[in-house]
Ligand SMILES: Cc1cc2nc3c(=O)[nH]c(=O)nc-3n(C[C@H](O)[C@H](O)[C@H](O)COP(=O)(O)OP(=O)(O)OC[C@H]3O[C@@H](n4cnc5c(N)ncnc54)[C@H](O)[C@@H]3O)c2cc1C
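The chain below stands alone and is given in structure tokens; this is the form predicted on its own.
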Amino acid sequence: MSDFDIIVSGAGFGGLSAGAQLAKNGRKVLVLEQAERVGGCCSTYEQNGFRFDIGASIVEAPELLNRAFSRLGTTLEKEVDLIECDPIYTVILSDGSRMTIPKSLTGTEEAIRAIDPRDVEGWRRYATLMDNFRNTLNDFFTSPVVRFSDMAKIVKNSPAMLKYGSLFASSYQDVLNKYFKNDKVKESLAYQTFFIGLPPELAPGIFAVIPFQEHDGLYYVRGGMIGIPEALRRCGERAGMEVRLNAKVKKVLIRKKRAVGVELSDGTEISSNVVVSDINAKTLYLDLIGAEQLPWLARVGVKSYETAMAVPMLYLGVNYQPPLNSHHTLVTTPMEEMNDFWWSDYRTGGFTRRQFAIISWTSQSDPHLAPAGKHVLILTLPPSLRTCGRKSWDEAKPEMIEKYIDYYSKRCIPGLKDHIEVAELATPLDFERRLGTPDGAIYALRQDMMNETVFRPAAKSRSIAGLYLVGASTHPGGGVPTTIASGIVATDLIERYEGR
């Protein structure tokens, strides 16, 4: 008899979402997390009285989160204290001018009008298109796409999706060029492609829905982003789920092509009827299972996946109120610069002098994240590989902290460098070491059209019975709401295929 019905490897959003739901359904569930806290890339730590979010800094599409909590017999509103962010962000354009983007669609229309009245009509047509398009996606994020027939079923249940085939066949850049004329307006809407880890010319056109969907509301979690995974853990533990921290899974145990448990780094073996993996799919299949356990075609497929881009994160504790006006400030660069950066700097492993960033002023939303009169700033910096030009990130880190602070002090946060109390830089190499994400890629695998839906590693393994995947590696991809949705997908598949 197995020790547990379900073992979940990884206490990120996907793992906690699936684990809590399966426990609620009466399964005996153990969640194993290699780190000292839950949440993975969406977690929070404290230093010198300042609370810093490790990666994720905002919540959007809360209805997807609420679907998971409703399955746990509660609601997102009851379990997590969300603070609405309005304006949703400020944009500092490459020429130094600024746009403040409110939640209101008409308010955003006026911000666009101030730049170029010609693009007001384009904004209206774009907003109408995206409003209709996102309404066809209600079941897309929580439906399995293990086989092509699953995708066909989604389209059959929502035939209106066929009207938007051009969005699947075009790029994000194509969509912006179709609806907007002014380069500054397009620049203000282009940064979001890096939210999925690709430049505008490579990002699928369907993701051009993001700048519109943000107007449904962006939210921050009081106390830090760890509040969401902690809430999922709390709900799961109420249903009997067990969570063990500092418990690294070294190996998934396979017997007769079926997952039957795990071996921990200390040699402990724990058996189960089903294993759920919330770690990078390449690491899972190639390291924890072993390529020799896979059919030859599966081996080729797994090895062919490219990791998603990684970004350095600069965590700053300051002793003044920064001259900003939004929880999020986007420091942008023109679309063509974003594309050129991808090929000239990022893909070649060079160091970029072109700076663009997300500045998260989290203590503006929740002052309790910092000591009285002080503030937290977190900068999501230009994507980078595991090296910083010709130096390793370990070698370059002290120098780069100073360079980043000096640049952003001059460009967009006057006075910053004179008010620093805490300055820490997390590099792609750090994320790889701390979170176990290859190359530091927090979205796990690339998210272009050939790496989405049925082309992504399946939530129900095609090679190993009793093995299920959640998190950024599988459908519907990386991000807070989508990784939580992956837990819904895996739960439904397990309940369908795994007997009691």
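Worth saying up front: this structure is predicted, and the values here are computed from it rather than measured. Residue numbers here begin at 1 and follow the sequence given.
Another form, the form predicted in complex with the named molecule, is not on view; read the next lines as being about it.
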Can you work out whether the named molecule is within 4.5 angstroms of a heavy atom in all three of A111, S188 and C412 in the predicted bound form?
no
When the named molecule is placed as it is in the predicted bound form, which of 459-467, 22-30, 441-449, 44-52 ends up with heavy atoms within 4.5 Å of it?
441-449
Report yes if any heavy atom of G478 sits within 4.5 Å of a heavy atom of the named molecule in the predicted bound form; otherwise report no.
yes
Determine whether any heavy atom of I58 comes within 4.5 Å of a heavy atom of the named molecule in the predicted bound form, and answer yes or no.
yes
According to a 4.5 angstroms non-hydrogen atom cut-off, is V276 in contact with the named molecule in the predicted bound form?
no
So in the predicted bound form, does A68 come within 4.5 Å of the named molecule, heavy atom to heavy atom?
no
Could you list which residues of 309-334 come within 4.5 Å of the named molecule in the predicted bound form, counting heavy atoms only?
V311, M313
